[in-house]
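The chain that follows stands alone, in the form predicted alone, written as structure tokens.
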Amino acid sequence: MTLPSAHDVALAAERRTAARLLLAHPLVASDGPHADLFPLIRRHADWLGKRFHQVLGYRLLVDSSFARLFKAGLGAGAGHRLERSTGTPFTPHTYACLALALSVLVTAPEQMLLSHLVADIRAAAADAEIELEETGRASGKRIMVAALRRLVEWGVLIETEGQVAAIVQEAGGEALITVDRERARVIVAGPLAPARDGADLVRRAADPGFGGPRIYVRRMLVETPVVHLDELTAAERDWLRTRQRREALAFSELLGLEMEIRAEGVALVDPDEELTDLHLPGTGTVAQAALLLAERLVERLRPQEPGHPSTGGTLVIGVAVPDGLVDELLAGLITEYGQRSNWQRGYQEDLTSLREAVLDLLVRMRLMARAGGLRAEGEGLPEGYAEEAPEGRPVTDVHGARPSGDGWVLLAAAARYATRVVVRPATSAGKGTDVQEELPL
């Protein structure tokens, strides 16, 4: 076997660095926080464009001042939310302000006063029959500022004189802003023209098109922490299970990711932890409580004899969480860790608030989910999408692998965060104590 030359190794490393950056930050500007790597993207623009299109069905646009990777999304409820600098998620009103601002900016003059932009946004809201929170009130001003600040971060708005926060800081505050219309036009990734409304836009954007199961499964792998088998149609499960070893090698070469394959599903793991906006274990009250809750739930609900149907076992992707158990465990965790771990007082005194924040994180990590319709059952599929495996090939049966109903479900991936330590007595061969960690459910 011929070993790759030093030039080939360096070339692959450059392309991998650029691809990872674009995947984590789909809009990279020559004057933004990743400006030092922008020349790398331009140098390999053709190769990156072809690879992203072949592998993920994503379009890459590289301009003289920015690069935009159009990531299509995975459908309703599967997007990466935007957050304020405080970590507070955008509200529907904030998203509405952001969308209205973009609708105004694509045809705005190169420079305009902040007060004129706010007036245009309000006029656009009236035309679209959208009721915005009154921008004269403090809460309405904060929402508007959050949306405009995001546009500043993306380089769509440039604060030439003053800041967009002047709306909040001063009565009648003013600023002169410069508008990058070209950048405003590439923010929305979905097909705007044929979409009837917002929901239709999300649905159309997530349609893998001619790529079918191949494109959808790859997008799931790179855009979500873990892919459970019942989140895929029969055709997608068939494609994944027959290709997973080759896909593992391809993703390792393209993005430096390692594939972890289990009976319940597959995950792409980033050893450098750069390609995720979710971190668990993490710092802060919510992350600590979420990790401890996952561990306690696995201890309580671990199935007795999970297995794989091909070996005569029973596939368990999720188990039902009894009503009240989450609150019971969280209350115990507050008593045990609240004060000594200096958890936020607000969360210690408000169990409901802590529960909502913790479950939100565990759902986004795909460690817990609400019981309900699944893609394996046809939920959320685009019209005409092929569900069945080709030529009737047998695939893993996921029917009943997670409970139905209305409650919460603990998913198999949670076991990855709940190591079980088994201490064995010393043997005659060694005086020390053996410690073994067991991971699977």
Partner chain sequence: MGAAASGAAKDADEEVRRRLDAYSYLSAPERLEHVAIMRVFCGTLLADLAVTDIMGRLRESLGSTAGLDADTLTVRLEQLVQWGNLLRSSHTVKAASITEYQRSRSRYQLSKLGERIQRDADGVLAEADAAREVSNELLSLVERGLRELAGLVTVPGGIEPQDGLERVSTLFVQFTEFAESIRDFYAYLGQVLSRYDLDSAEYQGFKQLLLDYVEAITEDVAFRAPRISGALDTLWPHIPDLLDRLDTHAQGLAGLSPQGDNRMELRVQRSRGREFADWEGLRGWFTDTDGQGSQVDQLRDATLRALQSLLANAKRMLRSATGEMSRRKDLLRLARWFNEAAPQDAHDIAVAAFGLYGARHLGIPPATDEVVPAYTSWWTGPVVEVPVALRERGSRAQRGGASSVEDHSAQKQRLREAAHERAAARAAAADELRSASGRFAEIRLTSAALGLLLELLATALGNAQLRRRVTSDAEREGTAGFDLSAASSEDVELGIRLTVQRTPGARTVLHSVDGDLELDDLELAVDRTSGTADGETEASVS
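Numbering follows the first chain given and starts at 1. Think of the rigid core as the biggest set of C-alphas that the two forms share within 1.5 Å after superposition. Because the structure is predicted, anything quoted here is derived from the model rather than measured.
One more form of this protein exists, namely the form predicted together with the partner chain; it is left out here, but the text below deals with it.
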In the model of the complex, does Pro306 have a heavy atom within 4.5 Å of the partner chain? yes
Contact flag, Thr178 vs the partner chain in the model of the complex, heavy atom cut 4.5 Å: no
Find out whether any non-hydrogen atom of Pro26 is located within 4.5 angstroms of the partner chain in the model of the complex, and reply yes or no. yes
Is Gly212 a contact residue for the partner chain in the model of the complex, using a 4.5 Å heavy atom cut-off? no
Stretch in contact, per heavy atom within 4.5 angstroms of the partner chain in the model of the complex, of 157 to 165, 232 to 240, 256 to 264, 141 to 149: 256 to 264
Proximity to the partner chain in the model of the complex, single hit among Ala369, Ile334, Ala189, Ala357 (heavy atom within 4.5 Å): Ala189
Contact with the partner chain in the model of the complex, heavy atom within 4.5 Å, among Val269, Ala119, Leu249, Leu113 goes to Val269
Does every residue of Ala124, Ile130 and Arg296 put a non-hydrogen atom within 4.5 angstroms of the partner chain in the model of the complex? yes
Residues within stretch 219 to 239 having a non-hydrogen atom within 4.5 Å of the partner chain in the model of the complex: Leu221, Val222, Glu223, Thr224, Pro225, Val226, His228
For a quick test of reading the superposition: does Tyr337 move by 2 Å or more at the CA between this form and the one not shown, rigid core aligned? yes
Relative to the superposed rigid core, does Thr285 relocate between this form and the one not shown - that is, does its Cα move 2 Å or more? yes
